[in-house]
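Below: one protein chain in two forms, given as structure tokens, structure 1 then structure 2.
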Structure 1
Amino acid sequence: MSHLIIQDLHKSFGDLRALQGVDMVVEKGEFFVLLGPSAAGKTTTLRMVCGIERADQGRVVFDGEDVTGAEVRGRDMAMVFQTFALYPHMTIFDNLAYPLRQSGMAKADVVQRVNEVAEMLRLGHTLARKPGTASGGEQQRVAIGRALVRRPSLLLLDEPLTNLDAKLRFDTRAEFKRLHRELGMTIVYATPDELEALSMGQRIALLRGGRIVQTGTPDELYTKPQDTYVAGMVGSPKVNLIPAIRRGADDAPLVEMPFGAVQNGPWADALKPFPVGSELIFGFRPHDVAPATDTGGDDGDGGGTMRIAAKVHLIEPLGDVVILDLTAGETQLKMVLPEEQAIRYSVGDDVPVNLRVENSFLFARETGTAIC
């Protein structure tokens, strides 16, 4: 069942066009993520969903009702802001109780509801303190608790982990997933961090310049990006994108790159109508490159792998995995290896590698759109 429907949403601030026709559907009970860089339109979208901003054009439908022009108070939604927005002169108990008191709830019910939320968020030991004495993670949980205490149907989270350190971000991501699982609440979560998006979102809408360029599950965005922007935004380390040219016969196209040519990828049939000489971009994930073995072959004429002669340019240890920056002639590319395998390589070493062609992408260079 669709819980939230956004149709053709537009918003401008003077000459700045913040949203340019946003369309999305969020299902009931879904953890939905808006992913995009700064100024992509994430916050503006959330603010219009909850009624803080008014749309210039378009509709917001919530629980089957058009709420585009409805007041904030009547939307049964709650929003958690990036800056927490806690009242510093109030205790944490009073911060949590504030929206309930504003609604006229009886004192006994307020106490019961606040204690329930505090226990859920592991804040019971902080209730008598002021927010300024709490840690960053505790302040974040208070902000979430103040939103949850009203038991809204929809929770909007605007880059809620930006002000936390790396350890707290990791812990709070797990906390969000636990809360979503336990409450079954519909959550729309805005973030510029692709790791947050991929680890928490059941579906992700990728925003660029006020437009949604692709919506899908984390796996769909990773394995079937619709353009180079999506391919570059999703996945860590970044996808390898190599300039290429369409060569070969009309019915047997080749993709020529500076370090060799390949054919029979998943894009082969779609490439046939493109004229010889068309400018392309060939893409592949660092995880789809591996050191060549004696049994691994160079099958640029067709098959599962392509052999590339490379040299180690830089080694980036990341704990249990290592990123190897390679050069193939004048072309730079990345490969990811387990630490125990990467330890045998040093900067300057020659390392022939095999690329899994069946997992590669192909894009038109002029538009960046996928050829598939």
Structure 2
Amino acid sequence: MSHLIIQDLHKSFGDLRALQGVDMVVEKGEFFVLLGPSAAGKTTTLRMVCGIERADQGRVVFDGEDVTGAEVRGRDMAMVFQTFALYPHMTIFDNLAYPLRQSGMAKADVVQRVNEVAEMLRLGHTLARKPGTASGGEQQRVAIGRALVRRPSLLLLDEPLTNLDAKLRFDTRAEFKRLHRELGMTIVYATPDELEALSMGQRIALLRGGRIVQTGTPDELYTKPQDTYVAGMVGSPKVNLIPAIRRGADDAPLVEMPFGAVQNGPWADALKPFPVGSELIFGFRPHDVAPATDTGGDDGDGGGTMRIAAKVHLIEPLGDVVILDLTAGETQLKMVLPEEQAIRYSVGDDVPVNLRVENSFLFARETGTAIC
């Protein structure tokens, strides 16, 4: 059964149309990520799910029940606010215990449960203090703990990791996954960070300007982006997008780029109806580019790969991998290599590279939508 269904949600703040028809379905026990840049409407969506904000239009169905206009209190949900919203005059212990005390739980149980959560989030040493004296990361963990402590069936998380340092963010990410697995709760997780989304989400909804652009598994978003925006948003380093023109015969289309032409991509059939001369965008991941070995490769008409004569323009080491910015004629593209391979190159070197065409994307340039 679907745990949470959102249908055609609209919300305006004065003239500003924050949400313009958001639809999504979250299955029971799913880890669902709401991915979108700042001001996309993530917080607004979550606030309407838990009932703090009233929708202008649309429905929220939770546990098979229409809760669109219902009280906040009736819903078995918890939320981690982006701004924490901790109770400033209570100790951290009392903050964590707050949702439990309402339910009339025995004192000893409350203490035990709070201690469990505090230990998991490494908050033990702060319990007696007020939130104002805790660091940003500690405050964020208190907010997370307060949401977890009641073990709600649906957990709404609004950018819960933004204030943590890299290590803690990594650990807490793992912690969320473990919690999700062990407690079996449904999680809706809002984040602007594509890496978080890909690493945690079972499904991701990509939000942009108050609309959902694409919903799918991380793999689907990565391999079948519906438009250039999704392609650019998902995957790091960013996808290479090269302006191209449709050439070739009606039934044997060819995609012409400044540094060469390709055919026989996964998009080949879909491209046939497009008239010759249509403006396109050709996309491929930096991971699908590799230095050409002298023997292998061809120049595109063989189908598997395409050879590009490129020059190293810039080297960005990222620890275990290195991003190489290449130029092929006037065009720029990126390639990712493991560190031990990358040390062979220095700026200005000529590098012939092979591009794996089977993983490439094609978009109409005007609309940005995928051709496939």
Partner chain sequence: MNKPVTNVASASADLSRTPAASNNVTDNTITPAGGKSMRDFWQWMFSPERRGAMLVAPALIMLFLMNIFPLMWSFGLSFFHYKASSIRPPRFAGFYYYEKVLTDPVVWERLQTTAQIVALSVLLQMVIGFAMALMFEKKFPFRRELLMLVLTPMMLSFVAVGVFFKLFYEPTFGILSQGYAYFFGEPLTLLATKWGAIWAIVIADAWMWSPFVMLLVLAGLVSVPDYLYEAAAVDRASWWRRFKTVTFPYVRGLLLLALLFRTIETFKIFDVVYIITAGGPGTSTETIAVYVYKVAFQFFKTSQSSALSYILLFVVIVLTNLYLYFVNRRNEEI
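Each form is matched to the other, and the largest set of C-alpha atoms that superpose within 1.5 Å is called the rigid core. Owing to the predicted nature of the structure, the values given are computational and were not obtained by experimental measurement. For residue numbers, the reference is structure 1: its sequence is counted from 1.
*Could you let me know which number goes with the form predicted in complex with the partner chain?*
That would be structure 2.
*For the rigid parts turning against each other between structures 1 and 2, mark which of Gly64, Thr217, Leu127, Arg151 is sitting at the hinge.*
Answer to the hinge question: Arg151.
*In degrees, what is the turn of the smaller rigid part relative to the larger one between structures 1 and 2?*
Domain rotation angle comes out at 17 degrees.
*If you line up the core, how far does the Cα of Ile92 move between structures 1 and 2, in Å?*
Displacement of the C-alpha, rigid core superposed: 2.4 Å.
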